[in-house]
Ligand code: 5GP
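Single chain ahead, written as structure tokens, the form predicted alone.
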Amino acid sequence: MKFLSKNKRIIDSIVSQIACRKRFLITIHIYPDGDAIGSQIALYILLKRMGKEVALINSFPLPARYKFLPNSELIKHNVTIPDSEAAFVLDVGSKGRLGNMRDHINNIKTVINIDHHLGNDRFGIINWVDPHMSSVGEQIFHLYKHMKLEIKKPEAICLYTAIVTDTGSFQYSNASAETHLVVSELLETGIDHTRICNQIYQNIPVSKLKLLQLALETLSFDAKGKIGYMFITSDMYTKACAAEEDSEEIVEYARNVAGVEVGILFKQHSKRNIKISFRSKSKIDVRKIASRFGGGGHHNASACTINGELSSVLKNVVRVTALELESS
């Protein structure tokens, strides 16, 4: 497989930082997903193979669905941060997405930012930001290849998880021909992709189903059926005995309705803190919508957080989305 030569200089500088340092911290964004977690563990394996000391510490706990990943038990949160010479920050478009890890990262001189979001703030001393990559998992794959390191089953499981989740099981437009070639190499290691997908998608806790039931009761439509939206209140999380991770993929039920172009899910984390997830069918760029509210993401999958009352936030976001649909 040919390597994307435009990244060679940046990756050379990352390899140099790895070579000259001993102690590393790897962290990811709040509300961690499969790409962030899979990439974090795969990079951990790479650094350990190079004889480095590595700490995996995040702001949020590991979602249950990803505990099958090799070395997932090493990921910690709310613990004392060890001294580190350098930090890798993965899948994070801005420091605001680091949660309580932000202050720790600010105290580390060498920060290596690896991400694939178009609106990345480039806050690191090294910034490998490539929006043409499907996922950070695909970037870490290329780091292995650039360093001429064999990809074995444990890291292949993690990288496959990263890619399959961030491409919407290869449904999104970010799943390029290059992405499929990467996945082909990962499958050649002998990983059981059926088992991986079963663990991610067919291992649903009852709490998630109860939360989905409550969310579906709020399903509404706008813009002549082109927008489908739902909301989850903090009381609904409590009633379903559910956590934030249980809301993953619920937005897709709104997007998948016939005739809907954009699905939106409003999640109330506190009375005046609303997280909004957008999903679209192929032609609508929801990153543009999310960016209007200080968020970001990808063409078909983006998010933002807005402070305000749920009813007024919902009304405004749906209005802006409808205007975007009119102009597209």
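All figures in this text were calculated on a predicted structure; none of them were measured in a lab. The first residue of the shown sequence is 1; numbering continues from there.
Separately, the form predicted in complex with this ligand exists; it is not shown, and the next lines address it.
- Remark: Gly263 does not count among the residues lining this ligand in the predicted bound form, judged by a heavy atom distance of 4.5 Å or less.
- Residue contact check for Pro63: none of its heavy atoms lie within 4.5 Å of this ligand in the predicted bound form.
- A residue is said to contact a partner when one of its heavy atoms sits within 4.5 Å of a partner heavy atom; Ala303 meets this definition for this ligand in the predicted bound form.
- Although the partner is absent here, Ser277 is a contact residue: one of its heavy atoms lies within 4.5 angstroms of this ligand in the predicted bound form.
- The chain is drawn here without this ligand; in the predicted bound form, the stretch among 255-263, 290-298, 54-62, 38-46 whose residues come within 4.5 Å of it by any heavy atom is 290-298.
- Checked against this ligand in the predicted bound form, the residues His142, His117, Lys226, Lys208 give one hit for a heavy atom within 4.5 Å, which is His117.
- Of all the residues from 68-97, the single one having a non-hydrogen atom no more than 4.5 Å from this ligand in the predicted bound form is Arg97.
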